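The data below hold one chain only, encoded as structure tokens and taken in the form predicted on its own.
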Amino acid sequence: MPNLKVSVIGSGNWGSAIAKIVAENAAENSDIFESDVRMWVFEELVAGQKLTDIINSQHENVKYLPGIKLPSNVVAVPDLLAAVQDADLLVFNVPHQFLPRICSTLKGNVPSTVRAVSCIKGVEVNGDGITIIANYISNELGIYCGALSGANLAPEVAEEKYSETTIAYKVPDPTDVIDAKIIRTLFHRSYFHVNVVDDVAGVSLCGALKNIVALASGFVDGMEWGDNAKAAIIRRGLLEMTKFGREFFPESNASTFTEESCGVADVITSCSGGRNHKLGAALIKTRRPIFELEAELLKGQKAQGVTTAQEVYEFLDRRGKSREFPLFTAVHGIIFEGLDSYALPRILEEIEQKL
């Protein structure tokens, strides 16, 4: 079997953390993978130096993952097409709102034999409906794409603190060299436990919808309502996530939401910390515009829950379904319509009656 070349598209804190894992495994499995792992970096200046030059010389992403040494076989590349040239496997890890532009650049430059895994937690919404990110990548580039999602706060993973994740990867062709075993070999570490399933829709939806629930938990902490209220948000948010999957993606498995790391575990982690929780709490405490807070608090990173909350609400509203998902609708209302967060207890009671 020829050595497989792996490229990571994206270099934020999660992209860099995943590149670290992938590069470690590529180096340790030289019979399977090419050692060098190229990482596409959106070029910017940090203290007057190009970020790619800093990463390649200091082996550290000083802007988005400071204090973490990257393996020397992570090669930062500023040109997207150069980063993916001759790659056998692409790992996507960028804010999902940037994905259309990236796919537009890649279209026609990626052979159909290439395989991909999306680590992007979001959904793509347009007038026709809602598409999970893995399917969006597949449709745009004509390649198969799986999905990775789990209770994975990037700094903890980068610091090699133990965590679990779920990868959905259904081998598109029995003759494919890149099968579920290869995928697990590429991502599994002693500190990063991987479980491979074939429910791409369920894993992808968990990664997107849990961010809306995390915003709601941030609202609760911003109001200082305590852990009991947060537990109610988590439980009922998980019910809405499962209901959404059953109704709009019937191919997804309910057990993915309740048994896998990408489901209940990620909801708990995201509701305890992370960007969306942090942003939700700050919104309630300051009453400042959400995008202003995002720019100030996250320093260039994106809280995917804000865009996802807007897109999911619009998807539901166009179908007359928003009242059937009162928590998702309330999060949108608090962020975009000035709905008073004190309405949450009433909304929780409404959820109890509907689910």
Ligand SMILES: O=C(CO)COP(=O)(O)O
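Here the structure is a predicted model, which is why all the values come from computation and not from measurement. Each residue number is its position in the shown sequence, starting from 1.
If you look for the form predicted in complex with the ligand, you will not find it shown, but the lines that follow are about it.
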property	result
Stretch in contact in the model of the complex with the ligand, which is absent here, among 167-175, 107-115, 233-241, 206-214 (heavy atoms within 4.5 Å)	206-214
Contact assignment for the ligand in the model of the complex, among A151, A87, L283, L186, heavy atom within 4.5 Å	A151
Contact label in the model of the complex: N253 to the ligand, heavy atom within 4.5 Å	no
4.5 angstroms heavy atom contact with the ligand in the model of the complex for G274	yes
Any residue of 240-268 that, in the model of the complex, places a heavy atom within 4.5 Å of the ligand	D266
